[in-house]
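Before any questions on binding or motion, here is one chain by itself as C-alpha cells, the form predicted alone.
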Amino acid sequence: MRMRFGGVLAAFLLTAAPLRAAAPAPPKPPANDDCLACHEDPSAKRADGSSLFVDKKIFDGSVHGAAGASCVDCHTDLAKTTDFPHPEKLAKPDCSGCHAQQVEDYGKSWHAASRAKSPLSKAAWCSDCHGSHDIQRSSDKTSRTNHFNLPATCMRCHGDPKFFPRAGGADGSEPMSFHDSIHGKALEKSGLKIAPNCATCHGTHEIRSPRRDPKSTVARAHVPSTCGTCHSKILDEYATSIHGEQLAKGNTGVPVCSDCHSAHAIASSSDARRLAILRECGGCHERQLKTYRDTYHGQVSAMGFSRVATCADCHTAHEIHPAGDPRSSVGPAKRLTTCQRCHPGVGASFVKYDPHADTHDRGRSQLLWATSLFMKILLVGVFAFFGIHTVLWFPRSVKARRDANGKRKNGERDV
C-alpha cells in the first residue's frame, strides 16, 4: 500500500514540475543606462522647469557610482516599473536600506521633527547636506560634509535669513558669526584640522533643538561637556567652580561657556575681550560691577584702557570660588599672591584695599559706611543752612531794593 502511494506521489510531482516552471518571471529592474537614456539629456526638465539632468561622469565618480549602485537602489519605487516615461512625482529615496543607523539618528533630530510637523518644511534632509548624485565620502576634499567644507554646507540654510531668521542678528548667536570667530578662522583661514566645525558641537545626524530638547549637545546643561571635548582642562576647572557645582546640582540658571564666550562669535583673549568681560560678568553680578566702577581699576577701564585688573584677573576665568572658600583666588590665603601678579613686591597691608567698596553695605566696612553717611549729612546740612539763609534774606533784599529805587525818584542821594 505504501509503495503504491509513493509511486502515485512521484508521478504527480513529475507532472506538476512543468507547471511550476511555466510561471512568468518577475520584471527585470531598469538598468542605469535605461534611466540615463532620458536623464543624461541636459535639456530634460520637470513641468516646473527644474532640471532632470544627471551627469554620468559625476555619478560614476561618486561614492555610490564607484560602489556599483544602480538608480533603483535609491529610487525603489521604480524597481518594478516597466512603463516609461515613469510618473513625474516619485517617492523620496529611502537611505535606510544601507544607512540604517544614520537614518535612525536623523529621525531624532530637529530637522526630522520639523519636516514631520509640516510637509512644506524646508528643513534639511539627506540630499541637502550630502548631495544627490555627486555624494562623496566625508574624507574626500570635494565632499560637502568634509571637515573644512561643512560650515559652508550648513550656512546654505542657517546663513540665509529666509530660512533662519536669526541669521542676520548681532548678539553672537547667529551662525554666520562663526566665520569671524577664533574657531572659524582656525578652520577656514589657518586650515587646522583640529579646529571645530558645526558638527563638532551640534552633532552630525542627531541634531537636536537646544531650546526644545534637553538631550541636545548644546542644551545649557550639556554645553560645558560639549566644549570640554576639546577644552578638557578648562572643563575640569569649571566643574569645580561655584558655577559648575551649581550646574551639576541642576541649576541651569548659572553661566555656562556660551554665556560668556557666546555661541558662535567666540573671540580670542584680546584687549577688547578683556574689557568685554566686565559686561559679561556684570550681566549677573550687577552690584559688584557697580562697585568696581567706583574704584581706580574701574575708572581706568571705563576710559578704554585694558591693562588694568578686570574680573578674571582677580577671580580667575573659570575656576571661580566664593571669597570664603579656601580655594578662592581672592580668599584670605591667596589674596596677596593674586595681587602680586600685577603689583610685585607689595606686602600684606596692600591687600586691605577693598576692590568692591560699597558705601551702602554697613557690614562690609562700617568706617566707610559711617564716612559716607557723615558726608551726606554734611552736604544736606550745608545746603539746608544756606537755603534757609537765602529764604530769610530774600524779603530784606527786596525791601532794600525798593528803598533804593524810592530815593532815586525823589532825587535823594546816598550819603
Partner chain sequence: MSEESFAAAASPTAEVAAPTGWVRRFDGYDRSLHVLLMVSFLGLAFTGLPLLFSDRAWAAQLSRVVGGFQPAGFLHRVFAACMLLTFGLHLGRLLKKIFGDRDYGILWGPRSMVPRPEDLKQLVGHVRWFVGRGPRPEFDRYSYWEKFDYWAVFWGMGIIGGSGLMLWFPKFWARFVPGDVFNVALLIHGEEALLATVFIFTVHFFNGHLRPEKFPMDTVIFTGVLPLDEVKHERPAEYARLVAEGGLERIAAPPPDREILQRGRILGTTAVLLGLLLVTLTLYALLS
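Numbering follows the first chain given and starts at 1. Throughout, rigid core stands for the largest set of C-alpha atoms superposing within 1.5 Å between the two forms. Keep in mind that this is a model prediction, so the values were computed, not measured.
There is another form of this protein, the form predicted in complex with its partner chain, and it is not shown here; the text below is about that form.
- Message: Taking any heavy atom pair closer than or equal to 4.5 Å as contact, tell me whether residue 307 reaches its partner chain in the predicted complex.
- Response: The answer is yes: residue 307 has a heavy atom within 4.5 Å of its partner chain.
- Message: Contact with its partner chain in the predicted complex for residue 50, defined as at least one heavy atom pair within 4.5 Å: yes or no?
- Response: Output for residue 50 is no: heavy atoms all beyond 4.5 Å of its partner chain.
- Query: Would residue 70 count as a contact of its partner chain in the predicted complex, using a 4.5 angstroms cut-off between non-hydrogen atoms?
  - Reply: Contact with its partner chain, no.
- Message: in the predicted complex, is there a heavy atom of its partner chain that lies within 4.5 Å of any heavy atom of residue 294, even though the partner is absent here?
- Response: Within the cut-off, so yes.
- Query: Looking at 87, 326, 344, 165, which is the one with a non-hydrogen atom within 4.5 Å of its partner chain in the predicted complex?
  - Reply: In short, 344.
- Query: So which of 284, 95, 302, 242 reaches within 4.5 angstroms of its partner chain in the predicted complex, heavy atom to heavy atom?
  - Reply: Partner contact (heavy atom, 4.5 Å) among the options: 302.
- Query: So which bits of 377-407 sit within 4.5 Å of its partner chain in the predicted complex, heavy atoms only?
  - Reply: If the 4.5 Å heavy-atom criterion is applied to its partner chain in the predicted complex, 377-407 yields 378, 379, 382, 383, 385, 386, 389, 390, 392, 393, 394, 396, 397, 398, 400, 401.
- Query: Against the rigid core, is the Cα displacement of residue 148 between this form and the one not shown at least 2 Å?
  - Reply: Comparing the forms between this form and the one not shown, which are aligned on their rigid core, residue 148 does not shift its C-alpha by 2 Å or more.
- Is the C-alpha displacement of residue 76 equal to or greater than 2 Å between this form and the one not shown once the rigid core has been superposed? No, the C-alpha position differs by under 2 Å between this form and the one not shown.
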